[in-house]
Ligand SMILES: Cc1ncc(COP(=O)(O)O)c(C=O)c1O
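First comes one chain, alone, set out as structure tokens in the form predicted alone.
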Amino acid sequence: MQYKDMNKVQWIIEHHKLIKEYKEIQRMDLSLNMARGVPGKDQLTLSLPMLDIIHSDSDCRTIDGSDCRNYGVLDGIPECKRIMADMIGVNPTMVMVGGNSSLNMMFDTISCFMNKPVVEGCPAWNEVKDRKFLCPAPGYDRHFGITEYFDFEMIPIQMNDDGPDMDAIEEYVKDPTVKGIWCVPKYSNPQGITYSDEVVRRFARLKPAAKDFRIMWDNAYCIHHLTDHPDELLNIFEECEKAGNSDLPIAFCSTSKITFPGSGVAAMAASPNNMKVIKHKYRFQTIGYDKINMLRHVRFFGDFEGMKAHMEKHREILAPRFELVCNKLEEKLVPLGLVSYRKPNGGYFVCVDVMDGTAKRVVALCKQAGVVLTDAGATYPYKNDPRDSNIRIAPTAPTMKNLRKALDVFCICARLAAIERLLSE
């Protein structure tokens, strides 16, 4: 029976039962963390051989003869640019390879445009009063953190099953103070949605009033599949070229969840016009990023096909974890009418909507029982979830045994918070 169909007496009985179960869990003194989407130990072990791949002077040379131990090569060694270009789906001439963090490259890009005009004749963004940024939500909290840091007004955009609400976006970009939009177009964080072909084409055909409007295309999970039938994403650069809008997108990716999050390789791709502005900043910022690490990745993977083969090993580890999450939700919460969720085909999260008005309480109850989740509201700009319902579950780091325990705790807390809510009405 669903909770909404129970009477008050049944709610009280259920509440007493859940309080007893919850106290028993607290006595277990658990300490489990599912707050961030980090690879588990078994995933990290897959890439350990990469650390022993360079042994001699000759190993440190690139295909064009550069010595990776020395200064230089601002935009990355050619063989690494090739792999990252294949990952993004562009020509290597459009790519810059950076350090380990694509988030850092996104921050640098926004910082660059804040201080230097993106388009000749337009003011730098810090000179634009009431500047705004579009934020599909639920979305990635660290994206929102960047634009909040630079004092943009963040405008939430509803996520639909096929991607962000394009009707709303097309309306908002008529405002010249709207300067950009965050996108995680494949296996989005946190919902696992892949933008449909029509959504990508509508992005490519945008006619923003601001000539310096930019689409921040964070394709973080482009090869992070969980099934034998991965989602397909249309190439934004090809579509923008067809539409005469080649300067609109700036794409980002990394190997952070492929090899080592703290020692991966990040890259960005952009049109020559955009890259000219961006590289001008980098010339003053660095002489070049870690080329040894770039070369290490190239030798380990060989090429992009090798990288994709490596991700199959990740899928073998991760797919059972995501299956466990969905099974637990279906078994313990869906029949009670307490959650809705999407079963993702890839990415790093399961996005769960609990009963309206209870997400913060669920997260707090979990924490008091020894299970740490991402803060409720974090998937919305300013951490303001208007329904207080969205929770991001990150099942990758715990062992299967610990994940099972954490999910049992989550399910009890979701039920307890729902009963508390119903009894208070």
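All residue numbers refer to positions in the sequence shown, first residue = 1. Since the model is a prediction, treat every value here as computed from it, not as a measurement.
Absent from the display: the form predicted in complex with this ligand. The rest refers to it.
- Exactly one listed residue, out of 345, 293, 245, 189, brings a non-hydrogen atom to within 4.5 Å of this ligand in the model of the complex: 189.
- Only one of 196, 101, 227, 177 comes within 4.5 Å of this ligand in the model of the complex through a heavy atom, and that residue is 101.
- Here the chain stands alone, but in the model of the complex its contact with this ligand, taken as any heavy atom within 4.5 Å, falls in 212-220 among 231-239, 164-172, 149-157, 212-220.
- Within this chain, residue 202 is remote from the site of this ligand in the model of the complex, having no heavy atom within 4.5 Å.
- Shown alone here, residue 256 lies within 4.5 Å of this ligand in the model of the complex, counting heavy atoms only.
- Within this chain, residue 184 lines the site of this ligand in the model of the complex, having a heavy atom no more than 4.5 Å away.
- At a distance threshold of 4.5 angstroms between non-hydrogen atoms, residue 143 is in contact with this ligand in the model of the complex.
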